[in-house]
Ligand code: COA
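One chain follows as structure tokens, the form predicted alone.
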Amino acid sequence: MPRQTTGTSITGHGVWHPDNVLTNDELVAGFNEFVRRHNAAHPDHPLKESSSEFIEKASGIRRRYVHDKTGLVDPERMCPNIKDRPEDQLSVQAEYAVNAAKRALAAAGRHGEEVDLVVLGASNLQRLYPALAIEVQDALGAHGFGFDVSIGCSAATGAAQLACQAVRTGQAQCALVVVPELTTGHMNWRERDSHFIFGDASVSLVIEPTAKARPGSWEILSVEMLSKWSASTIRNNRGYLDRCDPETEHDETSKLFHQQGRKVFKEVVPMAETFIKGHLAKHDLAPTQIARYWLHQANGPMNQLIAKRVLGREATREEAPIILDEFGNTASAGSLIAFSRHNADLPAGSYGVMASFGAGYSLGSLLLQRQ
């Protein structure tokens, strides 16, 4: 089979996260105090306390970076404290994107004014318009065009694919992918089964023609996307119509992140296995020929099972690295952060798969080879 390639490469990447670390023990202390107060006031509807052991067993998460933890551990607040900024100042989520973008551009040896496309992908957007990508474009001094992408936890790989296609067709010469996941703002911190899941972080990629790439870059051989409607397994119903129904406008249970975790696990694992194997089959590659799988960092047991089913055996931490223990679930940024943190040791010629799967359902993967 002739070698397939998009003729584009990832020439730089960078990760940024806030300094605040929230450990499981800190999170549980605040949550359990909330539960005790709730149960004292509502003895007929008691809630169950959480524990660090429960969190680590269920998810593999030990800590996470957060924008603000004072509000998260306050049993009366249970929400991050993030002040609104004047409209003439850089928005919080755009700031996340710019911080990661500067690191990716430095790694690629590029400057903001060389960028002619900004694609911003995130599971949640701070606002609908003006597009955050255009704000990032302006802050970096970039040219060309910018737009936002939101397809749940596949937003980052989706943004990377759109940037790749633009470079491949000649619409852009230096495309910037930015993934500012400020996820703690959409969490229901009063819900035991998910109060520990998310953390805040940002990641960025620079994508250019392979002909311009330096040795050590990652050539994008091909990209794949798939979506399948799932009505209620993973949802965030927050939107501009929230105030329009007086009966539900203050209903945080439905307006914040919620999921049917066990159902998601059972449905996503075989779907992701089939999706990744199908992508490799188009290149006549066996799963064992892939040196590294940078999988979506949603849940440790889920990642381990998907890797096992793809490889036909247990995967090592080197083959399928986990960043969940440090970062928590960073929504769509997870697979890109895993890539950025765990690729430098691979020699030229190595294959890697960057794959994500999230609400929708949506799945995305990039097949990469080290140059």
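The numbering used is simple: start at 1 and walk along the sequence shown. Only a predicted model underlies this, so the values are computations on that prediction, with no experimental measurement involved.
The same protein also exists as the form predicted in complex with coenzyme A; that form is not shown, yet it is the one meant from here on.
Pick from 333-341, 43-51, 310-318, 66-74: which stretch has a heavy atom within 4.5 Å of coenzyme A in the model of the complex?
It is 43-51 that comes within 4.5 Å of the partner.
Looking in the model of the complex, any heavy atom of Arg262 within 4.5 Å of coenzyme A?
Yes - in the model of the complex, heavy atoms of Arg262 and coenzyme A come within 4.5 Å of each other.
State yes or no: in the model of the complex, is some non-hydrogen atom of Tyr293 no more than 4.5 angstroms from a non-hydrogen atom of coenzyme A?
Output for Tyr293 is no: heavy atoms all beyond 4.5 Å of coenzyme A.
Considering only heavy atoms, tell me if Thr184 and coenzyme A come within 4.5 Å of each other in the model of the complex.
Result no; Thr184 lies far from coenzyme A in the model of the complex.
Although the partner isn't part of this model, could you tell me whether Ile323 comes within 4.5 Å of coenzyme A in the model of the complex, counting any heavy atom of the residue?
No, Ile323 sits far enough from coenzyme A in the model of the complex that none of its heavy atoms falls within 4.5 Å.
Between the options Ala29, Ala58, Leu305, Val35, which residue brings a heavy atom to within 4.5 Å of coenzyme A in the model of the complex?
Selected option: Ala58.
Please tell me which of Lys255, Lys102, His195, Arg110 lies within 4.5 Å of coenzyme A in the model of the complex, judged by heavy atoms.
That would be His195.
Go through 281-301 residue by residue and record those having a heavy atom within 4.5 Å of coenzyme A in the model of the complex; state none if no residue qualifies.
In sequence order, His296, Ala298, Asn299 come within 4.5 Å of the partner.
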